[in-house]
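Alright, here's a single protein chain in two forms, structure 1 and structure 2, each given by itself as structure tokens.
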Structure 1
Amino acid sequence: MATDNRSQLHCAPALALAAFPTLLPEYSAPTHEAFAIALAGGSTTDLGQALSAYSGIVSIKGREFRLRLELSASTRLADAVVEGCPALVQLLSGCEDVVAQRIKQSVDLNAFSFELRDLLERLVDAADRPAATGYVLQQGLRSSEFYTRVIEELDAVGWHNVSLEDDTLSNIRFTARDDRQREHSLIVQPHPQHPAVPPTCVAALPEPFRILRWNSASSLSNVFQQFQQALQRFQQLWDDLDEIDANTWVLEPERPTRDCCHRRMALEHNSSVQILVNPKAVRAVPECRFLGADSIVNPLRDAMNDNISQWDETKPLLANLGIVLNVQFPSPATVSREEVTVACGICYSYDLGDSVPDKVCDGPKCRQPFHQACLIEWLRGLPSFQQSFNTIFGECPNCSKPMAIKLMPAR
């Protein structure tokens, strides 16, 4: 894109890939592989009609992404605002320009759906096989000047920092080490009109990596330097999270990537605490959510409220959490994973779609965990089933102790 194109893009605020609000109505899973935009009414081509918002689920290689497209008063597709679920936003991060460009080029919603699907397939492909030559976002013929110039720039970056993902120089991997010798990759996709148009960059960082101050005199070594500088910003975050990963049982995510700021750590008696760390304020009190039997997690919540004044922002997260919650986190060195991931007492598995067995019986001899979905399905079938607002009453299938299950929206 030339610079004049970019200013047009600003006039049409085409993309706000904000995290999707949880208010989304429930959709049944799409039954076919094709891109499905479920409409609020009417057909996808009825753009001139009163319809102003479209939402749906796009299913790519078994992964489902939620998507919402809102038209502004002009009802022109080019002015549409696209919102996606966090997974979609993450997948598209760094490609916002490409989405904006494709939405502008699309004659109607169907055409855009097709374009978006194509783009997502390439991105999922690349995410699944990071080393594969997968996706050329910006198709176009590359000139011999392009190759000469990019190779020269890579010389300047230093080939020990570079690996080529394909033979067309369309995907270049930069590898940098941070202060603690952690390795980080940046995938750089030079534009065919490089350096008139800045390259597209994809990196696993807690905040999107953006190239600053790009002009026609800029080169890939500027990108590499900026990437190294960007790594500096997250050292404390990664130090603290590495300490958590090494010394506690992290139940989610199973394999944390460097862009991931949340952790769910196992506690005793089938309970766990999920923290969400703010990458901009690593050592501030993180957002905490407790999962497990009330008799176990209520005291934890109380402890947190009582001891919050002892939170010391000069200390690492794990130390602070231990003090404030007054707990010892079960450590992988002494406790096996099976002991902290007790399967659901109904379906006998641990993972059920996105959910884990986080409803735990309060009975001191029982403490059997269940998936919310399994437990509700069982309790609904009983004559004694009772519900009041968002709470379901019943008996533990394991020990018959009365249970009250607060319904939480599926995560």
Structure 2
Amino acid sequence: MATDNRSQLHCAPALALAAFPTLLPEYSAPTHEAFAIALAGGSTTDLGQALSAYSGIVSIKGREFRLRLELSASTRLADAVVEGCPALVQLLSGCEDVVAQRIKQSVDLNAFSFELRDLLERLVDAADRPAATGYVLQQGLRSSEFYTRVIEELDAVGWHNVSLEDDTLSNIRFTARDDRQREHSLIVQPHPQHPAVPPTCVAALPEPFRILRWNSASSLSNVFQQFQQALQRFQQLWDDLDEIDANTWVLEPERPTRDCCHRRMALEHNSSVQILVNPKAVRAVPECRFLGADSIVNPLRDAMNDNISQWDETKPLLANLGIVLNVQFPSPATVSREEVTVACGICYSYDLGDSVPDKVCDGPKCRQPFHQACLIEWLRGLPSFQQSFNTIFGECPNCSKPMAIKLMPAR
């Protein structure tokens, strides 16, 4: 086979990747077999010791690629030239530096064959994605040194605190418990250039978790320690919110997570109060929003204004809310959920996507709740429908009492 019609792609000083015709130069059978065994993930003992060139076929997810590796006079693997069929060259386009890095880091041809298979599998998997090669280069390629170091760092963290989300160590879950034995998770995504580049971290905390003081000597055990320290900052917040969850009917969120700082608690007569707690000032007066019929919520607003001076930041949130609002919150111990989750009077359901019935008729004999979306659609269909700026006027679908609804963005 002539070699002068090959187009060389120089991907590194020690490596060239070139396209060559489908037919390969003839080598002795042991060469083909030995290299094919290595590409298939098998074991060979004398590979790279006596021969100066190797060729074979690697099969990845039903696709076959021809490959040839030729050692230089020095017989050093790092100085080898790799050639491939046109399909292989196209697949590896843009990854030449990665191939060069892999071959330099490989201790022998067996190791390089394993690294090459790993790379090709990732590229084939990503072939249907937009900018697939760039995605794989950014997300998937990690050296053997990366794996060795990450495993050692996870040993230091303790495997009872670790669970692996995949087999590439690209998503690692740390689990820690706070002083109340509440379990918290941190997803850590080590960068392929770890530890030169800090990992990405995601946790359900009231404030974003950020790694402090990261340098090339830092490790994942430092991340775990900082996560444990971060948990300590929110103990009082979680204590107070857990007390609310256990002793009141929380309408929203239905299943609060540890990063959630708001609660909507049921009150009497289809009314409720929604609070938003500042995680940096847990015992301070929270933002409050009252939902329900005006005849019910207006007295609550008045009570809060009159009693706000009684707010005591040494007391838990629930105790303070009961004092300043002068109410006893309905409790799961005394009131069933059906009594505090009255369905919408139009669609006859409680949950409507992310919303619950929060518009209530002010009629003392009615007080029927409605979803805002349902009520607005109903009122707009009435012959008596009127709108002034952002307020809609109409009649209650249940009792025909006049109603005025302010148009508010959906929460």
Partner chain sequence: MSMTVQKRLMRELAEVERNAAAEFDLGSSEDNLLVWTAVLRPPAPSLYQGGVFHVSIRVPNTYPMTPPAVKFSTRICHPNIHWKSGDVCLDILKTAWSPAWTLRTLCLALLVLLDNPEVDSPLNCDAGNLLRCGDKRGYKSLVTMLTALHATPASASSSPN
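What you see is a predicted model, and the numbers here were worked out from it, not measured in a lab. Numbering runs along the sequence of structure 1, starting at 1. Definition used throughout: the rigid core is the maximal C-alpha set that superposes within 1.5 Å between two forms.
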* Which of the two shown corresponds to the form predicted on its own? -> 2
* Has the Cα of C374 moved 2 Å or more between the two structures, judged after a core fit? -> yes
* Asked: Any chance the CA of V342 moves 2 angstroms or more between the two structures, core superposed?
  -> no
* Flag for L317, CA shift 2 Å or larger between the two structures after aligning core -> no
* Any chance you could measure the C-alpha shift of Q90 between the two structures with the core superposed, in Å? => 38.8
